[in-house]
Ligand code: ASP
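First, one chain by itself: the form predicted on its own, in structure tokens.
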């Protein structure tokens, strides 16, 4: 039997009703009572490392999760991390970068209903996650609704539907069906990085979604607040307005101040393409960094991670020009 470690962090899957709504159960995590059937298939060790609604999982928790995984990699065939759904895609993306080259499967999962609910999806999600953790396929993945996707391609797209996550701009790595766990190994990146814990990050990164007529002064505010990085969700293929309210001009000022500005599309699917329109070409001329077909979650965590590991803007640009773990289509 494969040796699998389950790291619990709270989230809906571990929650119980309280007077203030659902909240993680803590030391009496209900997941534990649903593991006997899985223990007949796997040697399971359980460690509780957090007890949080995922809305409260922040950069400090990302570091704790990555360090907890790193310290146990040599002891297990695979690791499952139970996590709240709301920020799971952010955590899975960041852990992908922090643990580049991880030699075993690391699989995030959770649930839309607490595992004690009679209609919970949590049991199926755990079964899928454990099957992937026992597969021997190295990398960081997310298992949900009998689907396996790369952690850095996952996006939460539904609030209550059991199909809560989509693999955006990238095929599913695998599915569970009548034949068991069926993997598409050609879609699992062959990561050549030497495995190491790289958990430094920069918290001074801001996400800005453009709206028509946005006041360019917001760039001045962010620079005055000493933000080091900015991810802009631009229009369509990467458009920013420059008539009357000149956002392009502010890109130049931000770049001169050493701020890394990454621009991606508000559109969930397909890629930004700065060469297509005048506005995009102007943005490139003033120092914008393209995110290509990355998800917003993968782009903002990659920027935080890059700024934490590079002292100069050219180093950040170099990192964003490379596909590290499947977050960018290599043909872009």
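Residue numbers count along the first chain shown, from 1. It should be emphasised that the depicted structure is a prediction, and the values quoted were computed from it without experimental measurement.
Only in words, not in the display: the form predicted together with this ligand, which the text now covers.
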Discussion item. Taking this ligand as it sits in the predicted complex, is residue 135 in contact with it (heavy atom to heavy atom, 4.5 Å or less)?
Written reply: no
Worksheet item: Even though this ligand is not shown here, does residue 54 get within 4.5 Å of it in the predicted complex, heavy atoms only?
Response: yes
Practice prompt. Classify residue 84 as contacting or not contacting this ligand in the predicted complex by the rule of any non-hydrogen atom within 4.5 angstroms, answering yes or no.
Written response: yes
Item to complete: Report yes if any heavy atom of residue 111 sits within 4.5 Å of a heavy atom of this ligand in the predicted complex; otherwise report no.
Response: yes
Worksheet item: Looking at 84-92, 172-180, 221-229, 123-131, which one sits within 4.5 Å of this ligand in the predicted complex if you count heavy atoms only?
Response: 84-92
Item to complete: Heavy atoms within 4.5 Å of this ligand in the predicted complex is the criterion; list the residues of 10-28 that meet it.
Response: 11, 12
